[in-house]
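So this first bit is one chain, no partners, the form predicted alone, shown in structure tokens.
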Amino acid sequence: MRSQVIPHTGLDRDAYLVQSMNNRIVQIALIGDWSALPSLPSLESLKQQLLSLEARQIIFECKKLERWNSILLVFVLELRRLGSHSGFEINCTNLPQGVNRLLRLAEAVPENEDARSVEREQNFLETLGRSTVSLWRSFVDVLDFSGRMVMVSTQFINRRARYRSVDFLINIQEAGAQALPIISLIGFLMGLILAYVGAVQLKQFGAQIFVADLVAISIVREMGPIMTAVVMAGRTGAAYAAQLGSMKANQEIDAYKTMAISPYQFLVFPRVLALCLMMPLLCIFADAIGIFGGGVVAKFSLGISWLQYITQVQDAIGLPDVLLSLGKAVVFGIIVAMFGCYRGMNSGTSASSVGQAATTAVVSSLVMIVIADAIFAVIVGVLGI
């Protein structure tokens, strides 16, 4: 009989001893306190030793084993997996009874094949096909969600929608009044930046007064609605997705369905309606604050009086510009609210899926906002507004 100690880097002493028996039987003697091991012993050197000994059966000897914990259990399971690939049998008869009971319990539950991600190369056509199918399913889900919201809106018009007025008022407060500070800051800085950038160029031609035209037109027609929508997507849209996702993870939405209460009426519709009502008001407020920020630069950097600035702003923009800004705000509000609630209602049941739902809600909203703004630009160009 011959024996060899398998070194294990990082341990104060050896965790096991390999002994070659007769008939290609290899004995692994477990040594010491396994509960004190800082990590699982490496199986690579053990694998090489077992292959060199041409082992056909592995048995354990536990006379010198002091204490053990889950590290020993994982070690045996990994050794069994190694034996299934290398062609040797693992005999666990001599292991402590507690280890054998845990092994039987672990083997009683089949391993989920999806839990182990197997990486393999995919060709271009397979990747394209999977992406196309995933995109089509997402499109169908969005259509289904939109159809449900149309039905709920019809029920609301007919006064048959079931929701709490208190919740609706709370949603209005969260999407409206509580958003004013961040909207004020972003709008003021936006007007300030546009005025400074425009002043640098207009000073070269002695046309500082047209800073008011630059700020007013750019903010009212483009920057005001877009920046308001971006802020609300990151603030309110993500909050909607996180709230509904958490409720789904806690099975609260299933409880509503059990009580024959539509979650689309009770949870989704008040949020969508509140944001759609508040977005135009927030957009007008952002436009006014942005124009005021440009006026601060015009007053203190360019020497333009407030009267001159306000008069120039009135000449630069008219009712069509304001209506365009309001129209964009309504559409952007629908996009932010719909995608926020859609991602929350289709979230998973884990904590990570709730965070992913909030992230995808913001990304989807931003992409659709840019697309919608591009469509508005084409329509405005065609109509000559």
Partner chain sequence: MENLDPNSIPIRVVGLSMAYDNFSIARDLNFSVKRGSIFIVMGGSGSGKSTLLRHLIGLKEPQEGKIFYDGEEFTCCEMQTRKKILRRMGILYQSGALWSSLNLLENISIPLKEFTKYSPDEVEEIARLKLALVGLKGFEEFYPSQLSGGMQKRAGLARAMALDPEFLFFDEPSAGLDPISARRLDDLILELRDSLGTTVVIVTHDLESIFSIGDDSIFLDQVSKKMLAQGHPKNLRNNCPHPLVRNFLTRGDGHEKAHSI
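Because the structure is a prediction, the values reported are computed rather than measured. Numbering follows the first chain given and starts at 1.
There is another form of this protein, the form predicted together with its partner chain, and it is not shown here; the text below is about that form.
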query	finding
Partner proximity in the predicted bound form: L125 to its partner chain, non-hydrogen atom cutoff 4.5 Å	no
Y256, heavy atom within 4.5 angstroms of its partner chain in the predicted bound form	yes
Contact of Q251 with its partner chain in the predicted bound form (heavy atom, 4.5 Å)	yes
is_contact(F292, its partner chain) in the predicted bound form, heavy atom dist at most 4.5 Å	no
Listed range touching its partner chain, judged in the predicted bound form by heavy atoms within 4.5 Å, from 185-193, 307-315, 159-167, 225-233	159-167
Residue (of L180, L77, I261, V296) lying close to its partner chain in the predicted bound form, criterion heavy atoms within 4.5 Å	I261
One residue of F145, F285, F88, F266 in contact with its partner chain, assessed in the predicted bound form (non-hydrogen atom, 4.5 angstroms)	F266
